[in-house]
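What follows is one chain in structure tokens, specifically the form predicted alone.
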């Protein structure tokens, strides 16, 4: 199993931030990535729909011999992680992007934490619930920022349009006085510098990418699943082709990528 790939899925390009971090820490590992661009964004979908999409994608990744499956999507982690653990019990190791961030923040002395994410992630209350249980002395405030994912997917980054949208959200009184801000969507690290700048770099901006990649490394090591063969084969799948996905993927992975369109919903 060591040579088998790490399975990663997200609704679009956001999970590429996690995939990139994993490749930096584990360059000898192969990855198989699925971006469900046909159903993007997950943030405005029902819990039932997200669970259905997540189950089918997990099956697809297992069909391609993934040795672990990482849910690189906060909406899917919030709505489908526990469901998937039951559906695929004893079949594959599943990893979400929420629990590792909560565990990280337990090591920090922060009295007020902000969370931004999609409507589904925020309405689920998953971050607030888990943080309140893990760090009861900490105040957690949440804000839905639904325009950020389509903004990023459409390529509006590092420009006046994106700066105006980001500033409008982050100036909300809900986030007043926070010491740390959780980027509760794996798309958001793409605009992390813009977010940090609006806070004048005085707020710790927490993205899950590096935190989760360390967890993946530790899990593979613990289960003797690290790839030491020297053979690497990365594959990227999307359910609907978008030029921007390929552009972002090439930016993260520096050159040509093995990108395929796979309509797993008609099969």
Ligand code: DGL
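Numbering follows the first chain given and starts at 1. Everything numeric here is computed off the predicted structure, so don't read it as measured data.
One more form of this protein exists, namely the form predicted in complex with the ligand; it is left out here, but the text below deals with it.
**Student:** Given that the ligand is not shown alongside this chain, does residue 149 nevertheless sit within 4.5 Å of it in the predicted bound form, heavy atom to heavy atom?
**Tutor:** Yes.
**Student:** Answer for residue 115 alone: is it within 4.5 Å of the ligand in the predicted bound form, judged on heavy atom distances?
**Tutor:** Residue 115 lies outside the contact set for the ligand.
**Student:** Report whether the minimum heavy atom distance between residue 42 and the ligand in the predicted bound form is within 4.5 Å.
**Tutor:** It does: once the ligand is placed as it appears in the predicted bound form, residue 42 has a heavy atom within 4.5 Å of it.
**Student:** With the cut-off set at 4.5 Å between non-hydrogen atoms, does residue 79 touch the ligand in the predicted bound form?
**Tutor:** Heavy-atom contact with the ligand at 4.5 Å: absent for residue 79.
**Student:** Which of 6 to 14, 239 to 247, 20 to 28, 255 to 263 has heavy atoms within 4.5 Å of the ligand in the predicted bound form?
**Tutor:** Stretch with heavy atoms near the partner: 6 to 14.
**Student:** Taking the ligand in the predicted bound form, which residues along 67 to 97 bring a heavy atom to within 4.5 Å of it?
**Tutor:** Contacting residues: 73, 74, 75.
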